[in-house]
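In the block that follows, a single chain appears as structure tokens, in the form predicted alone.
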């Protein structure tokens, strides 16, 4: 029998806190519920919603609960919905978010299930749903008893394998994404879905001109912590456990940055040299721009362009951190819309004026779901066409800024070929001055990378242990 919300007044059993301070942990759970509701009902990114908890001492716990719930939301929502008499979508968004968050704590946290239910009941008062505390108690107690059946995704009798819809529920991914992923990567898609639900490693990039891998390991181990150097990416280090940036030696002065190993390939693939003019066409938040500046000293000019002025300030902050001890690297920040034709851009972005151009194109971000599980809830199938339109325009206009004989690197953190190899292939077919370039011999190739008809694809959970990323290297023909 389903449970109906009848607007009862809260009932407090033994240990209840009616009229008193809430139980320890209830405020943390309530704050996490607010983040979940902001993502699910407000369409906000989890990073944005979590900014409101930045000053709280329990921020790490709030983040862990909220991101965990968002990660498994599409699996938990139908299960909780079965316990209600009316659609869960008809409930006030904070109450719906509380029920799913409470179910997450029951299913995935290490806390005793009774404690998880009790905290959810307590949290109902803090989110303004005190009259629904009885409903919260009843639904979550039933979830505790019936969750194995509620969450079962076993194939029906005689069914050979799980269908896309079953896989989507089991792995908590949107159905449209599972379909597209299976079509694109029939042999790899299940592992990608599994990897998306794993906790991502914290990977660092060292500025090897200031700090060697061996030096960092000595400093890190002196703090009683462990890490491992990544053999295929010089200067990349994976921490055994994530750590606050404040304790990482060298972070405050730019010797060390937080950057996934896959993203660390962009600057080396560009093959910039001293004396060149280099454009990072979609630069914010600036991690790749800073890598370019640190990897190749003596550039004639490095321009970091982005359409978003607020996000350009993040690029500025990255460089300010790197120059905290002494001015070492610089970039010129330019607000520019690269979807506009090159002829319409501002004076410093003139056609055929750059030796190197990096296009880290806006995309679906489907390769970084393990870091940003809210992508599962925020991204829609219809969004992909919009990203493609931007990608085509930016690639076309960025290529016009490239000098004859120059090199352009196109990359995305997407795993969908329509944003990657197919889009670049279409561009190369239409642009006679452009050609695909090989992978540079000087750059070690990551294990598990897939060589595509155009470019290279890294998939989450395969070989390199990195995020999902796509790269293509494009050359501009000389005028001879």
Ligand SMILES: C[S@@+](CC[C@H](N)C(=O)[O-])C[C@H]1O[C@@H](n2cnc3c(N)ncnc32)[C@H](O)[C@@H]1O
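Numbering follows the first chain given and starts at 1. It should be emphasised that the depicted structure is a prediction, and the values quoted were computed from it without experimental measurement.
Not on display, but discussed next: the form predicted in complex with the ligand.
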item	value
One stretch from 124-132, 76-84, 324-332, 304-312 that, in the model of the complex, holds residues within 4.5 Å of the ligand by heavy atom	304-312
Of 270, 103, 338, 192, the one that lies within 4.5 Å of the ligand in the model of the complex (heavy atoms)	338
Heavy atom within 4.5 Å of the ligand in the model of the complex - the one residue of 285, 92, 213, 249 that qualifies	285
Close approach of residue 119 to the ligand in the model of the complex, 4.5 Å, heavy atom	no
Residue 281: touches the ligand in the model of the complex, heavy atom cutoff 4.5 angstroms	yes
Contact flag, residue 351 vs the ligand in the model of the complex, heavy atom cut 4.5 Å	no
4.5 Å heavy atom contact, residue 362 to the ligand in the model of the complex	yes
Partner contacts for 388-407, taking the ligand in the model of the complex and a 4.5 Å heavy atom cut-off	390, 394
